[in-house]
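Below you will find one chain, with nothing else, as structure tokens; this is the form predicted alone, and questions on how it binds or moves follow later.
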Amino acid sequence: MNLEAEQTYFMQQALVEAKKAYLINEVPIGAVVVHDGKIVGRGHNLREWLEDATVHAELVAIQEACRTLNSWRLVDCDLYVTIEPCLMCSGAIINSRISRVFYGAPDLKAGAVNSLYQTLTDSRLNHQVEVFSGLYADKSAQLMKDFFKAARKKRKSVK
């Protein structure tokens, strides 16, 4: 599989995770961690389900990858995520030493990779991450739009 096909496949897998979140009424963000061409961690948002503000897709995927690889150091791992990571997730990405992040759509209200902050590439920190954006951006953004449109419609019908 060539590099472009591999990146497409892994972002599709992140979208599968995002759809899992959507199905359980979670904000539809999905993530996968990849090491040596294999998925070693998967995750989707579970904040509402577990009533825990820290259970973001990226953190779930990173935690599973750490267990799979028996190490907190995810050197030579890539993270694929449907939406630009927030500040909390960016901190976990840096602390776990992930090498590259591929994200779909920007998050103009909470994005800490390019939108509000440039955390992953900040040379003042002890680790920098190579960042690629825009892979499946339209599909990732549309999933979010559909989710929030449905949520607003549901809230209106309850009133």
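Only a predicted model underlies this, so the values are computations on that prediction, with no experimental measurement involved. Don't overthink the numbering: it's just position in the shown sequence, from 1.
Separately, the form predicted in complex with a further copy of the same chain exists; it is not shown, and the next lines address it.
Should residue 45 be counted as a contact of a further copy of the same chain in the model of the complex, where contact means heavy atoms within 4.5 Å?
No, residue 45 stays farther than 4.5 Å from a further copy of the same chain in the model of the complex.
How about residue 133: is it within 4.5 Å of a further copy of the same chain in the model of the complex, going by heavy atoms?
No, residue 133 stays farther than 4.5 Å from a further copy of the same chain in the model of the complex.
4.5 Å heavy atom contact, residue 59 and a further copy of the same chain in the model of the complex
Within the cut-off, so yes.
Wondering, does residue 87 line up within 4.5 Å of a further copy of the same chain in the model of the complex on heavy atoms?
It does: once a further copy of the same chain is placed as it appears in the model of the complex, residue 87 has a heavy atom within 4.5 Å of it.
For a quick test of understanding: in the model of the complex, does each of 54, 66 and 116 have a heavy atom within 4.5 Å of a further copy of the same chain?
Contact check passed for all of 54, 66 and 116.
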